[in-house]
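Only one chain is given next, in structure tokens, and it is the form predicted on its own.
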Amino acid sequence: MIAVGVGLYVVGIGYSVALSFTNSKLLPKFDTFVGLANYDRLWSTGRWLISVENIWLFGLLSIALNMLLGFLLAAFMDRRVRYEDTFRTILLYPYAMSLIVTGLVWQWMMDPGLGIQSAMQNWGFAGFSFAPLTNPDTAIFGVVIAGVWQGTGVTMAILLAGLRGIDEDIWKAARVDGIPTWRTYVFIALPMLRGALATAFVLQAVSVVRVYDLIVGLTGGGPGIATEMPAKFVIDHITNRVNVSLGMAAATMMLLPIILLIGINLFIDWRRKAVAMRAAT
């Protein structure tokens, strides 16, 4: 069954890549081979270039903030705080929500006439302003806020599980040596969480590459195309714009960073095993 699943996955990827070299419009067809023409057109399309800039900015900010806040929350929870189960449930709840729902919730919260800005002004803070989605220059940061809110909880849960797996004797030794708690977490515990950190990073990176529902629910790619993302570009060109070949070319470009990450991971594993074998001999 695993071989069948992997085979279908590989065939699907190959089929999509092959379509990117054709002139398919409404329906896939292989009767016209156009070489790299779709890729030339793709990288000369302003909408695609903006979507690439956006996903890099969104990815860097959201992953960095998710990892930082997730670790801080995990360290806080690791102190066995009161009502830990309640806090953990509240923090994990956004991750269980549909991204469409998350987008709609934050669209309302960032609405200047209905959300946070309106509430703060009604409470007497007349100069308070919080409407990032209305400005093309700040709309992407509103998307980052929604993404961080949705993803921090699962990072916290993964890192908390890693922290709880550290031998208690290490914590006792650190206390005996008089090492401050924050230094213990940063310089002792954090390096021991490589596996948990890698898992959380991969989850966040995949969610960044696939970000579509959040954009549709939150901004629809607007204002204008200020929050356009590659996944939305692909779906729009395959469905609304009836240009399958260009959409597949964009999808192929989205696949390349994933292949790069997999390659780096395989290389690191190979190097680790090679070093371990040399040490054993």
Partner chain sequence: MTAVVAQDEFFAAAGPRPRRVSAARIGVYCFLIGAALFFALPLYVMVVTSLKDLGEIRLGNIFNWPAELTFEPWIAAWSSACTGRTCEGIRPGFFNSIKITVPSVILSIIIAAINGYALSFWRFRGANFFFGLLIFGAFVPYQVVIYPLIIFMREVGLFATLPGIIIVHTIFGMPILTLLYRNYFSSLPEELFKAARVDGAGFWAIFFRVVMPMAVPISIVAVILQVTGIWNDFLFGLVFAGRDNMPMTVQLNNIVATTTGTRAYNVNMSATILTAAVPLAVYFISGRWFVRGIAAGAVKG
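These numbers come from a predicted model, not from an experiment. Numbering follows the first chain given and starts at 1.
The same protein has a further form, the form predicted together with the partner chain, not shown here; the description that follows concerns it.
- In the predicted complex, no heavy atom of F58 sits within 4.5 Å of the partner chain.
- Put simply, A37 is far from the partner chain in the predicted complex: not one heavy atom of it is within 4.5 Å.
- Using a 4.5 angstroms limit between non-hydrogen atoms, F125 is distant from the partner chain in the predicted complex.
- Taking the partner from elsewhere, A18 is found to have every heavy atom lying beyond 4.5 Å of the partner chain in the predicted complex.
- Candidate site formed by D85, V101 and V209: every one of these residues places a non-hydrogen atom within 4.5 angstroms of the partner chain in the predicted complex.
- This chain is displayed alone, yet in the predicted complex one of L91, I140, A131, L193 has a heavy atom within 4.5 Å of the partner chain; that residue is L91.
- Residues of 109-134 placing a heavy atom within 4.5 Å of the partner chain in the predicted complex, in sequence order: M109, D111, L114, G115, I116, S118, A119, N122, W123.
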